[in-house]
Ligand code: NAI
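Coming up is one lone chain in structure tokens, specifically the form predicted alone.
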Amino acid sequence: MKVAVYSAHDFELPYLEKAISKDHSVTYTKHELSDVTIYFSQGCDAVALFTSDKADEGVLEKLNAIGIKNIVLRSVGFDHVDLIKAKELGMRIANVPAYSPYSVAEHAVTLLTAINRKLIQSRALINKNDFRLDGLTGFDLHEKTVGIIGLGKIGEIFAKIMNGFGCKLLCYDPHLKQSDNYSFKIENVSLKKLCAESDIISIHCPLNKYTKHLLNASVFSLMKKGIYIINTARGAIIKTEDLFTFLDNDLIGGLGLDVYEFEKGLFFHDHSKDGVKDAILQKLRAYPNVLITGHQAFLTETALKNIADTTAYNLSCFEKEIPCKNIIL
């Protein structure tokens, strides 16, 4: 099968080349899929997409026009693909449903502990030979109440880790079944109750029409003063502009973001020479209690290998016309 791999980053190429190139004819490009980069997939049977690629109605129509019916996603999420249009065009789409939920859950904990224990500020002081501890006080996670939005695979692992710290666990997940059993104690509550009682909130739900801007000014106003919020899911689950009033008034004690509502065109690219013109991001990252990482929560050796292997499996299923366990459409 001839495959065009869009948004091919240096960090993933060794894994993709080992898994895919032995069985398929592959063209790699660093460019993101868009209206103007369709030509990279001319003559191909499939495209392999990353989260930053654009597969909206117009792009899908153009892919279909050059004969591409197969799309493999190098991600769990598929909010960047117009599934309704893809179905209408008879396209097949498969994702990577579980490359390593541990990588994302562990990164969420890393963000939380780094902000809480003021590691960024501490390093800045030490680099200036200032070894005072003033302004670096954190809090024990033990016996704190942690609210988890979305108790899928990643959310469950995050819950296990926080249970190990001795935290009280709440979750908000409308899809949670009564029969679901866990090795830890957790209470499924309303979003209002979760916000009112949690000391820490971590987001692990997908982005869709129900969760876009789920956390906004009205929801922030329900939270405890000094709440810590962690988001390793999707940026648009938080209405970013609504954060500033709460940050300015010290109502949010700490904010850890691995994703950002307007990250497209910013994350995964080097802007050290041209700078960042996004005023919202510039303002956000200026707060000392805000820690932002560039969508790297998934970035472990295990995850990259699993993504590449699953992508190769999905392509082979499409090529051989056999059932694919990761099929979305």
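When you see a residue number, it is the position in the sequence shown, counting from 1. Remember, it's a predicted structure, so these values are computed and weren't measured experimentally.
One more form of this protein exists, namely the form predicted together with the ligand; it is left out here, but the text below deals with it.
- In summary, the region of this chain contacting the ligand in the model of the complex, judged by heavy atoms within 4.5 Å and restricted to 244-252, 115-123, 199-207, 158-166, corresponds to 199-207.
- Of the residues given (I154, V146, V72, V81), I154 alone sits with a heavy atom within 4.5 Å of the ligand in the model of the complex.
- With a 4.5 Å cutoff on heavy atoms, I229 does not count as touching the ligand in the model of the complex; it lies far away.
- The shortest heavy atom separation between G256 and the ligand in the model of the complex exceeds 4.5 Å.
- When the ligand is considered in the model of the complex, V59 lies well away from it, no heavy atom lying within 4.5 Å.
- In the model of the complex, R234 approaches the ligand with a heavy atom inside 4.5 Å.
- Interface residues of 21-58, taken as those with a heavy atom within 4.5 Å of the ligand in the model of the complex (partner not displayed), are absent.
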